[in-house]
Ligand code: GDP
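Here you get one chain, nothing else, as structure tokens; it is the form predicted on its own.
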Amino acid sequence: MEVFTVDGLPEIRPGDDIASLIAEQVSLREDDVVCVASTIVSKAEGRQANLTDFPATERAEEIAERIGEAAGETKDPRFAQAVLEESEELLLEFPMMLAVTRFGHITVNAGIDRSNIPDADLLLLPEDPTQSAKELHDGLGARVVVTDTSGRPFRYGQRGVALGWAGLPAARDWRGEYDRNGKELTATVQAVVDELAAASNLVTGEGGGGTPVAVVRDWEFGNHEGSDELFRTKEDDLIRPALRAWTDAQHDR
């Protein structure tokens, strides 16, 4: 397969038609996968904000003070308030804010970005990345993955992940297929949208390159069952209860 950036895109502003801007720069095929950084989706959807939009509550001040003491620097409680307001739940309040977004993604600081925003303090994640992907899919006539970068437990560094997708399932479901020795697979589900997001991030980069869109070409889903179950449910997640228990223990000290 081939992965390449879409060059020549302008700085995205609220109300911009991203699909039209992408289509002006590249000739797409129906089976392409267009990986679009959530930053430009958020900009087009007017998800910029300023710290003054988030007057700090007592809880936000306590969180900011505690994290700041541990880091040896002052933390703005208004940022903590923004994270609280963009979250369905905080799984951790210390030593970082690990948030569950309203669309099911779990990430530090609710994915709020503070870089590459020319006209605001903060850039919030899209409210509904899958709906955003569907609109881009309709406009482009190609498969779409809305991406972000996220850290990983047990490993250093960030990698690209999918927040929303359209035109393809989230995962290849290998259950019921067989390995080379004829053993039936019973647990293997491959999160292809995350893998595509990570591949695109290799070429779009993390800095000031100004290339927030990549095209994955000549990749095929294959003859597999598909699944859209990417974000674990509360009932199926073994990690959330452990994090909640740890957080409760910290409050009791």
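The first residue of the shown sequence is 1; numbering continues from there. On a predicted model such as this, the values are computed, not experimentally measured, just so you know.
There is also a form predicted in complex with this ligand; it is not shown, and the following applies to it.
For Gly210, a non-hydrogen atom is located within 4.5 Å of this ligand in the predicted bound form, even though that partner is not displayed. This ligand is not shown here, and in the predicted bound form it never comes within 4.5 Å of any heavy atom of Ala199. Looking at Asn116, you'd find a heavy atom of it within 4.5 angstroms of this ligand in the predicted bound form. Among heavy atoms of Ala214, none comes within 4.5 Å of this ligand in the predicted bound form. When contacts are defined as a non-hydrogen atom within 4.5 Å, all of Glu11, Thr39 and Gly205 contact this ligand in the predicted bound form.
Among Ser87, Ser132, Thr107, Thr149, the residue placing a heavy atom within 4.5 Å of this ligand in the predicted bound form is Thr149. Partner proximity in the predicted bound form, defined as non-hydrogen atoms within 4.5 angstroms of this ligand, places exactly one of 140-148, 76-84, 97-105, 164-172 at the interface: 140-148. Taking a 4.5 Å heavy atom cutoff to this ligand in the predicted bound form, none of the residues in 92-107 make contact.
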